[in-house]
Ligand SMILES: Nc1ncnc2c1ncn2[C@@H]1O[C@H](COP(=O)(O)OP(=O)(O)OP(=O)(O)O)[C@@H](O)[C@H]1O
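Before any questions on how it binds or moves, here is one chain, the form predicted on its own, in structure tokens.
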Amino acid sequence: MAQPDTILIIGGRLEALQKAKELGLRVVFLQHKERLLPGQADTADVLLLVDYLDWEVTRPIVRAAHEAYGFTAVMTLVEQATELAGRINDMLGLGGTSFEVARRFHDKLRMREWLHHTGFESVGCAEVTSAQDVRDFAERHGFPVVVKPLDGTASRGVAVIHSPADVEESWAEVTGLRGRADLPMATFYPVDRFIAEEYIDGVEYSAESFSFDGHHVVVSLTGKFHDGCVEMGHALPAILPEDVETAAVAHVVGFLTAMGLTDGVGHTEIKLSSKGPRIIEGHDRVAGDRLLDLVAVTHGFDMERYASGWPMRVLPALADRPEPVLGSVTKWVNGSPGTVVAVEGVDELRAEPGVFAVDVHVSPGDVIEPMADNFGRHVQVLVTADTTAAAIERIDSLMDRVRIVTRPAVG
């Protein structure tokens, strides 16, 4: 017999399980064997530890778990499991996001083709298999050209090619990532196929959203700080004129509708270009870099909690966008290439007023390579203040407090 209080959660962090339990839900937790985190086994009511990237292995296990525990909804907040959640929804008739919609978000070429097909937006895009393909694409659309993995994440393998002279070197660099099992999270985000996209000018933002039976609520627009293609920080809510924000929100809502998303979290990257708002990428999962924690603080809306509570209908739908009550910023501190000797100033920084968190992702003995993607960042600082502008000012005054001491790597 189905248990209406039971949910299947796939992957993610410990807090997602804890919040589901706080809502009174029974949690069946499906986790990949490489990603089980401390506390997750103790928090979940049921733990299924399996290589969930293999559908043929996962399918009978999930079906048996459904028969045994009667979960009535599936939730995931991680990129690598969104298509799996769709497969499970389809197989068991649970509703929720289908595999087709999840695939549409994950496959960047399919997203572009779908948006063109629906008439929502047209941006030049094509799969490329050689440097000559890139040159041919540029002849049709002009330079710059963006080349990136068809289904990648974290800015891995992304190149902005500005001229014909740069094509060969850029193509060799990005395709050199194929088959690299040594890369962080390579099991989940292998690099294989590539697309070329028309370059979109303008400033990039992201929209953190939640959808309720087809009603899309953009909770926050988020500003970004970049170093090349790598995201080095975020500020929310974004500082924008009211009319510009209204146009951006409307474009995101139209995008989510066109993509077929009806329920759950969304993270949409958008540029305010010279031709108007244009979608960069869309995701049916939360943003990284702890933005869901900052949204909870700045807007009083916990996306992680709602991700479990809404599909079980134990939390009410939002009618309108929540008003921000604080501003927040996060930025990253990177060390120089070499072997890490020490990370200094962390405890003192954590004690500073307004500092929400300082997360350290390197340890003594680690070898730092030149930054190539979002996985190559080292210390994240998160700050809150009365306004976003005040938070930016505050974090900029604190960033030199953290020091990553390195020495030249041997060998």
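Everything quoted here is computed from the prediction, not taken from an experiment. From 1 onward, residues are counted along the sequence shown.
The discussion below concerns the form predicted together with this ligand, not included here.
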* Check K108, T153 and K271: does every one of them have a heavy atom within 4.5 Å of this ligand in the predicted bound form? -> yes
* in the predicted bound form, the one of E304, D263, E231, D133 near this ligand [non-hydrogen atom within 4.5 angstroms] -> E231
* **Contact residue in the predicted bound form, chosen from L256, L177, V249, V146 - any heavy atom within 4.5 Å of this ligand** => V146
* **Proximity of E197 to this ligand in the predicted bound form, heavy atoms at 4.5 Å** => yes
* **E204: touches this ligand in the predicted bound form, heavy atom cutoff 4.5 angstroms** => yes
* Asked: Do E281 and this ligand share at least one heavy atom pair within 4.5 Å in the predicted bound form?
  -> yes
* Asked: Using heavy atoms and a 4.5 Å limit, would one call A138 a contact residue for this ligand in the predicted bound form?
  -> no
* To do: Spot the stretch among 310-318, 70-78, 153-161, 294-302 with residues whose non-hydrogen atoms come within 4.5 Å of this ligand in the predicted bound form.
  => 153-161
* Is any part of 363-378 within 4.5 angstroms of this ligand in the predicted bound form by a non-hydrogen atom, and which residues would that be? -> N374
